[in-house]
Ligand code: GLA
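One chain comes next, on its own, written out as structure tokens in the form predicted alone.
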Amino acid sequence: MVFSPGRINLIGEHTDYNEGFVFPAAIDLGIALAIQKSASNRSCVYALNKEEMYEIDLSNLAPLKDGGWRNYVLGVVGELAKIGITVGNFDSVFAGNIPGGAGMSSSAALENSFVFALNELFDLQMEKKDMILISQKAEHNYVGVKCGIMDQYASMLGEKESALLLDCRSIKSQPFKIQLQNLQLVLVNTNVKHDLSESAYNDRRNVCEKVARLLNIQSLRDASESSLDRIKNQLSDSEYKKALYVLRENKRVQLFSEAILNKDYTSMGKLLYETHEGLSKNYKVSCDELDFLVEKTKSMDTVYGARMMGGGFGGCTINLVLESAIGTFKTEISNQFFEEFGIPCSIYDVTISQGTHLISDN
């Protein structure tokens, strides 16, 4: 049996595909998977939450049209086969408690649970850093999402009570103990997901790549505000603001790590608010629901900081809240959100936890 967690990201959004810095952590919500070898000529996977069974023919691996969760599993087995690793047939069942559409990376947790479990079951002797690349390629080639490495990395390699300052160029990380004393991280889920069309995502990537080309650098990771200003006349106002956001967000991630070391929670909160402002006004990936939730916290003395978390256009905000006031915070924010939008939000307390691991049977 294996447990593979979802993840949060403390700070550092849309910096991963610019070879920048992110600050994720594994959480105590995730996917549990039970698996055993099978003598059958088919592999069986049962999705307990959905009450759906799928049989895999290991000799015929290809993505399914509208395959949903099945493509994540097929992708892991298929990507192992591409590098010459064949596995035997297996029977498995999995279930999870990561809320869908909340931006906590249930997809990475599912991929990681299978690649880790197959590695154990068939003694493939893969390192965790090899496994996350299999998970990422499964998502690229079987699901069709050209994701960065952050989600798989945080889910697989997360450390209990620590967030990981991850360099998306070197794919190396440094753990930072998150000791918030009398504060707690709280997620507020808008329960909405506005259409993040492929064109909107591609536009942002294209802008970042265009600016990097104009600066003759590998990625915006290598840019400075002064170098960006030198080519400002070659960019539209919108393009300039998007690139400026990425540059400043990379700096904020570094400053956030210093604030953690100094236990400077006021600065941590201020950086969260600055990130949200940049995502909303410059990068333009927020929405009314997310902006509303963040704005409402600014009048609450018990909230140190808040921002939207994830790709944007819906999902969650992450909030740094005084532990003694969490009950009041939940009531106030829920009532205000319902009054404004006529739909309920969902609220989760999360604990920073260990990455993908075997579940003890004792």
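Since this is a predicted model, take the numbers as computed values, not measurements. The first residue of the shown sequence is 1; numbering continues from there.
The discussion below concerns the form predicted in complex with alpha-D-galactopyranose, not included here.
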Q: Answer yes if any heavy atom of G67 is within 4.5 Å of a heavy atom of alpha-D-galactopyranose in the predicted bound form; otherwise answer no.
A: no
Q) Looking in the predicted bound form, any heavy atom of G12 within 4.5 Å of alpha-D-galactopyranose? A) yes
Q. Counting only non-hydrogen atoms and a 4.5 angstroms cut-off, does I178 reach alpha-D-galactopyranose in the predicted bound form?
A. no
Q | 4.5 angstroms heavy atom contact with alpha-D-galactopyranose in the predicted bound form for Y348 | A | no
Q: Could you tell me which of 77-85, 226-234, 149-157, 122-130 sits within 4.5 Å of alpha-D-galactopyranose in the predicted bound form, going by non-hydrogen atoms?
A: 149-157
Q) Here the chain is shown alone; which of F292, Y240, Y273, Y201 has a heavy atom within 4.5 Å of alpha-D-galactopyranose in the predicted bound form? A) Y201
Q.
Under the 4.5 Å heavy atom criterion, name the residues of 301-331 that approach alpha-D-galactopyranose in the predicted bound form, in sequence order.
A. G310, G311
